[in-house]
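Next comes just one chain, in structure tokens: the form predicted on its own.
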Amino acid sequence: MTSGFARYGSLARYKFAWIPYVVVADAEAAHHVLVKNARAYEKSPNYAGLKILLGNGLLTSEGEFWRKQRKLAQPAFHRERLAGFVNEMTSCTGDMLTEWSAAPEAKIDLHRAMMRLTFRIVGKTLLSVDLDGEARAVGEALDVALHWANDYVESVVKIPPSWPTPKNRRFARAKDTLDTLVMRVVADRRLAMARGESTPNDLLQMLLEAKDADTGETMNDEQLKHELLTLVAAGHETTANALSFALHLLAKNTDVRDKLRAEVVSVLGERTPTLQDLPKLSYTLQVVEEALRLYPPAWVFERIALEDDVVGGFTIPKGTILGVAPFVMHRNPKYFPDPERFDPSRFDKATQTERPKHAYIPFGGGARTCIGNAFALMELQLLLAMIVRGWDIDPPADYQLKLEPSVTLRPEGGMPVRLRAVTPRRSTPEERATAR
């Protein structure tokens, strides 16, 4: 990819059929599109498939409606509110590791295991229900629905989803599975509230109670469904992808894995991590950030120009689609020397070189930065620490990672691995004192 930058630069113009398209892998250009002149852009028509699937939630809505919804939902994602979810994250992970201990040499699909884990965490934190028994059905439904959304966008002739083609019927069943799950949970919660029963302080409750400061309005059930579907889909799909890629990278870079494990043992010993441990797990966070650099689940953000503009010296006519592409941006040698190398020290806050703000954008940029970014980073840091402390993840010797750049970036065909339990070296009193 580095040779591509030398040949084409950090912006590249294409044409798909009659539609002009510009790939943006330049930090200043990304800042212009996402922040400086964001009013001149909106989500591209390529989000149409997702809008059919997820409705008019934070991911797909625009303009004043989006601003209103973002304002309503934002308090639910303040870091101090998220702190209460740490126990659920670590408890679910502990349950998975206990299952692994029963078959410590098992062969598993790592990506499927991470999807199951993060789906259970979403259920516990977002909805206060254990969805583990529904993980397979919902995972399959989400897989069908996301592929349909991607295929719908890529189709030159778009068949209306109401037409009873085999693919549309599969999508309708998948969407019904997702809708039914969310609305069942909302109905149960509203019934509990009507009865005056005690309700949990989860994200669903925060959204149910959120009121517009000016009008006093709350979200109706249809809008709650849209927001919850978006959060359920994004909250476990992207995190599972990121965690799978991070564990794959550690399996290929055992020196990094061993350094990470040493930090975890030094800070935690054998106990479960808490919120207060996160600042001490600094190298763990660097590993997460470097994995997100190489394999950002949100690998491209598309915008369409609402008016003529100039971006990075390019004339951008109205109607041009711009793909601000973290997957490409994060491999720009101008910002990340030797960009294909897995090197968590790039994110050492004490030594890292200065980079433009929008050179690293795994969660987007500007006002539409992912609302769940703090939740995702906290979850990834906790889960990765717990898994790596006691387990090696060994892919087959002939395994070659293939990427599926669909709605999200995920490993194509799963990720086969063999689990191997390890007994990490106990930290010395001196190491524990240093960690404190």
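Nothing here was measured: the structure is a model prediction, and the numbers come from that model. Position 1 is the first residue in the sequence shown; the rest follow in order.
Note that the form predicted together with a small molecule isn't included here; everything after this is about it.
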Item to check | the small molecule in the model of the complex: contacting segment from 167 to 175, 276 to 284, 298 to 306, 193 to 201, heavy atom within 4.5 Å | outcome: 298 to 306
Checklist entry - Does the small molecule come within 4.5 Å of any heavy atom of residue 49 in the model of the complex? => result no
Next on the checklist: Using a 4.5 angstroms cut-off on non-hydrogen atoms, would residue 378 count as touching the small molecule in the model of the complex?
Outcome noted: no
Next on the checklist: Whether residue 66 contacts the small molecule in the model of the complex should be assessed with a 4.5 Å heavy atom distance threshold; does it?
Outcome noted: yes
Next on the checklist: residue 59 versus the small molecule, in the model of the complex: is there a non-hydrogen atom within 4.5 Å?
Outcome noted: yes
Checklist entry - Would 234, 362 and 368 all count as contacting the small molecule in the model of the complex, using a 4.5 Å heavy atom cut-off? => result yes
Item to check | Contact residue in the model of the complex, from 292, 149, 267, 138 (heavy atom within 4.5 Å of the small molecule) | outcome: 292
Checklist entry - Out of 260, 126, 145, 115, which one falls within 4.5 Å of the small molecule in the model of the complex, going by heavy atoms? => result 126
